[in-house]
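Next up: a single chain in structure tokens, the form predicted on its own.
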Amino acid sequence: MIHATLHQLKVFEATARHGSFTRAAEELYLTQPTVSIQVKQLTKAIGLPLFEQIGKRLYLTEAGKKLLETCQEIFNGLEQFEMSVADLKGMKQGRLNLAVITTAKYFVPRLLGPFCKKFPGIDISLKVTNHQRLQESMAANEDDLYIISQTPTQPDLDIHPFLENPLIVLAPKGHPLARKRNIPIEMLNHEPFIMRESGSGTRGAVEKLFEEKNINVKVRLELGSNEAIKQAIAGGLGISVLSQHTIISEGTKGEFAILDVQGFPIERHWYVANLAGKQLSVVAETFLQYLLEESPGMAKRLLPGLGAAALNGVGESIALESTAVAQV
């Protein structure tokens, strides 16, 4: 390995990640023969095959898997070193790998804008995914920080609440209950309901409240995305409970009304988490402190009056325009 170069390791890592000489060459702006030659020279230096080819796909051998782990450690170490040096120079620069639950896509970009403006030297890699994939990312230690909507079952996480996440009752604009005040929660028994899929954090919170209040709603439809639920509400298929953050990017006139139902909003929080014992990079630590220090004013900026009247019990309907976004 003393004869292996950092360039060869970089070429190998890209090839292993893509399982293809061609795709690695495209990423590194090299020719395919150059990538192939670099991998062959590295293989010769190690003395064991690193890949086996089946059809057009490359697969790592046991030696290749070990080398990939080593490469990742080397590159992560160099990245941490660069961040530390930048910090010593009085600068904040580097890369933040951030993974967030799907509903967080409605507000996270609004948090990242001011952060990136304050620290222009920091680049962000933002991954939006579901609970299951997020847990897999945590288990594989793929990211620096995670933004989640419920406390996960893993005990090996450091978790910090940083932002309110109220759950509200959303109905079509012309719904008969839209302009009523202090609606008894029992009235929901008579409404066709649209629910998130089983296992959803939102559904779990709603079912807990309904069980406490002895409410047994008629579930007309189960959907796996907030956006699909909003379209179903707009289409008159029923009412639902969603995070207020799912409507923050929309206008103040349109298809929805927030119902002033007793027991709502359900108070929840957004959390920022990292693996317990993980040594956070300078950049990750900077973003974590930013979230915790700025959290008192975040709710007012992110939820500027949307549904405020209904949420305070006045019961006025708040019309909101539905905007198509990527499926959750």
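In this text, the rigid core denotes the largest set of C-alpha atoms whose superposition between the two forms falls within 1.5 Å. For every residue, the number given is its place in the sequence shown, counted from 1. None of the values given here were measured: they were computed from a predicted structure.
What follows is about the form predicted in complex with 2-phosphoglycolic acid, which we do not show.
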Stretch in contact in the predicted complex with 2-phosphoglycolic acid, which is absent here, among 95-103, 229-237, 137-145, 174-182 (heavy atoms within 4.5 Å): 95-103
Contact residue in the predicted complex, chosen from G113, G77, G199, P120 - any heavy atom within 4.5 Å of 2-phosphoglycolic acid: G199
Contact residue in the predicted complex, chosen from H160, K213, H131, R220 - any heavy atom within 4.5 Å of 2-phosphoglycolic acid: H131
Within 4.5 Å of 2-phosphoglycolic acid in the predicted complex: residues from 31-65 (heavy atom criterion): none
Core fit, then P120 C-alpha moves 2 Å or more between the shown form and the other one: no
M195: Cα shift of 2 Å or greater between the shown form and the other one (core-aligned): yes
Flag for I168, CA shift 2 Å or larger between the shown form and the other one after aligning core: yes
